[in-house]
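Okay, so here's just one chain, in structure tokens, the form predicted on its own.
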């Protein structure tokens, strides 16, 4: 067993319990991959076609993504090269993993809707939500950590997401009188989908359980804040069932809400998961990621 595997023995045990040895080996192969930089063109400032021209003019080579015209794969390019580009400095692009672009797409924000992003920093998904509705939804972005909140404010400003109301507050303490048409809960998690070989994680059952307890609290809070007939996306960057399907099952029991089945986009590498949800397997292109759509009846 190599050093990377050895540090992650506890994580491997959890994965084997969930998926068996064969699938766990595929997951660890994904961890060991070196992913290319990916980014999203900001549709508040450019169309996808204008983004292609701008990237070409700046001398960058790239690949497109079939399921999202604003997403680009930047092979052979370091993040630092993009950080120093005019496109980045002007907020016309945002460096973001492909997997993390999925929740806003599945939430599908519309003009005039009231939307809550419960754990918003650093703002990638918040600004994507704003871009998807052309800046015409009423978005509230909540972040409890003061330093991360400042980063959120910075990114909202740079990306031109002017109709977002940012609140430095723990989402669990939001007033239950508040209500929203749609909610994005990208819950804090173990990060078991985002492990990579240069920085092995130390994830064990105790830490996963701690994460799951918080996730269940946040999900139950979200259901209180969601209007009847409203939709929400619950997502994590974990591939462990304790943080995904188990949390959903516990939180939804007796809640008057249900899972609304979603179809995975073509080409996504998938892990087995609770019916109607999507769990992306970590690969050379994708971080491990889970999402479910919930409807409050």
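Positions refer to the first chain, counted from 1. Predicted model only: the values in this text are computed from it and were never measured.
The same protein also exists as the form predicted in complex with a small molecule; that form is not shown, yet it is the one meant from here on.
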State yes or no: in the predicted bound form, is some non-hydrogen atom of residue 124 no more than 4.5 angstroms from a non-hydrogen atom of the small molecule? yes
At the 4.5 Å heavy atom threshold, is residue 186 in contact with the small molecule in the predicted bound form? yes
Is there a non-hydrogen atom of residue 216 within 4.5 angstroms of a non-hydrogen atom of the small molecule in the predicted bound form? no
Using a 4.5 angstroms cut-off on non-hydrogen atoms, would residue 204 count as touching the small molecule in the predicted bound form? no
Which residue, 227, 144, 110, 163, has a heavy atom that falls within 4.5 Å of the small molecule in the predicted bound form? 144
Pick from 93, 222, 120, 139: which residue has any heavy atom within 4.5 angstroms of the small molecule in the predicted bound form? 120
For the interface check, one of 79 to 87, 186 to 194, 131 to 139, 205 to 213 should have non-hydrogen atoms within 4.5 Å of the small molecule in the predicted bound form; which one? 186 to 194
